[in-house]
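Only one chain comes next, encoded as structure tokens, the form predicted on its own.
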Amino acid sequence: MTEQTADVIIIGGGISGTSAAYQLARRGQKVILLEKRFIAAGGTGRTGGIIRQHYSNETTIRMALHSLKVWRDFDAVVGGDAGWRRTGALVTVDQRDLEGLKANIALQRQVGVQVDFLDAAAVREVAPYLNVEDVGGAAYEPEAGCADGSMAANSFAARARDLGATVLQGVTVTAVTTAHGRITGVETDQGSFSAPVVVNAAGPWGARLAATVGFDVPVEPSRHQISVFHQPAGALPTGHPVILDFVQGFYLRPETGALSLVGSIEASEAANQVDPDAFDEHVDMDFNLDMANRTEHRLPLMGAARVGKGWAGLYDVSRDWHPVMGHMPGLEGFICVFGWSGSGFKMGPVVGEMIADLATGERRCPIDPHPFRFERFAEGDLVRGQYAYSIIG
């Protein structure tokens, strides 16, 4: 293959890479996206797909809100179908975490999120099928919802192609090439590609790729399971709210076909470290049983649910559960964006804009990626949420 040249090479065809390709192509950049398998083959294609704004620091709240405005009008803003469904979301806590929840709601409102505090009785008014005996209160986001990872990434990739980007699947990057302290391109199993800017959006493979050019990024791939339950007839209304249950440490979201997708939000997820090229993509039976018990406790009518065919996907978990996003020090033209720790999909639209800013030197996106710089780990300036009850941002 003859060497191909570009303004920007993007490695990885997940939501971050495809969104960045779309945004860069919109700005007239010559973009080549390289994906070693197929679009959304990694974590994006196996995401739970929850679109929420419930974060506990201002930067991530602003990012989630900015992205929501794209998700809920995806076809008009981007073009194509992302599988968006508005469901609303309930974030439940016990009495111990009640004050933290209320403070978090106040912060979200300051940023512009539509969110209300509900006591246990009000939670039952929104979702009368919930058991609230151990619930101190909840945050209710009526604008939250769900989207489909594969549909969204493929829509971004298609729009990037429409705007002139080259999207190549089945191409494995074997090396990032450099000269005199700056990026020159990449080597692949199908030839060489040259560009002054390379974006490492390789998700669970991102740290491994960064290490080939001397960066020890504290991000590890971990296995995240999702159970699928067939709802008993009449147990839940169609499109019921997403439930983020901090009392028990799990989430539940509706899916078409009277299904519920259920997974863990506990910090212990980070311990399930795996080789991203060789991990069990099926769900463990003990995990199904655990999620079934938690689900039945919160939604008693789900006690008769049947277990469906779930799956396991990948998180790329950083030391502080927040991404690495920015220019890598000492190597001009090398940008990393990975380590989302399970929160990357919902942020996809705004991340594309932020990466386009980094790659071009422009500043069109109103959100500064500085808090997510790689250097923060050495500086001891980790990104932390405001409130201890939340380990998901």
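Start at 1 and count along the sequence shown; that's the residue number. A quick note: this is a predicted structure, and the numbers were derived from the prediction, not measured.
Missing here is the form predicted in complex with a small molecule; even so, the following discussion is about that form.
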- Item | Contact label in the model of the complex: Tyr251 to the small molecule, heavy atom within 4.5 Å | yes
- Query: So in the model of the complex, does any heavy atom of Ile243 sit within 4.5 Å of the small molecule?
  - Reply: no
- Item | Contact label in the model of the complex: Pro349 to the small molecule, heavy atom within 4.5 Å | no
- Query: Could you tell me if Leu331 has a non-hydrogen atom within 4.5 Å of the small molecule in the model of the complex?
  - Reply: no
- Item | the small molecule in the model of the complex: contacted by all of Lys36, Ile50 and Leu314, heavy atom 4.5 Å | yes
- Query: Okay, which stretch from 24-32, 337-345, 354-362, 58-66 lines the small molecule in the model of the complex, with non-hydrogen atoms inside 4.5 Å?
  - Reply: 337-345
- Task: Note which of Leu209, Ala139, Met302, Leu130 lies within 4.5 Å of the small molecule in the model of the complex, where distance is taken over heavy atoms; exactly one does.
- Result: Leu209
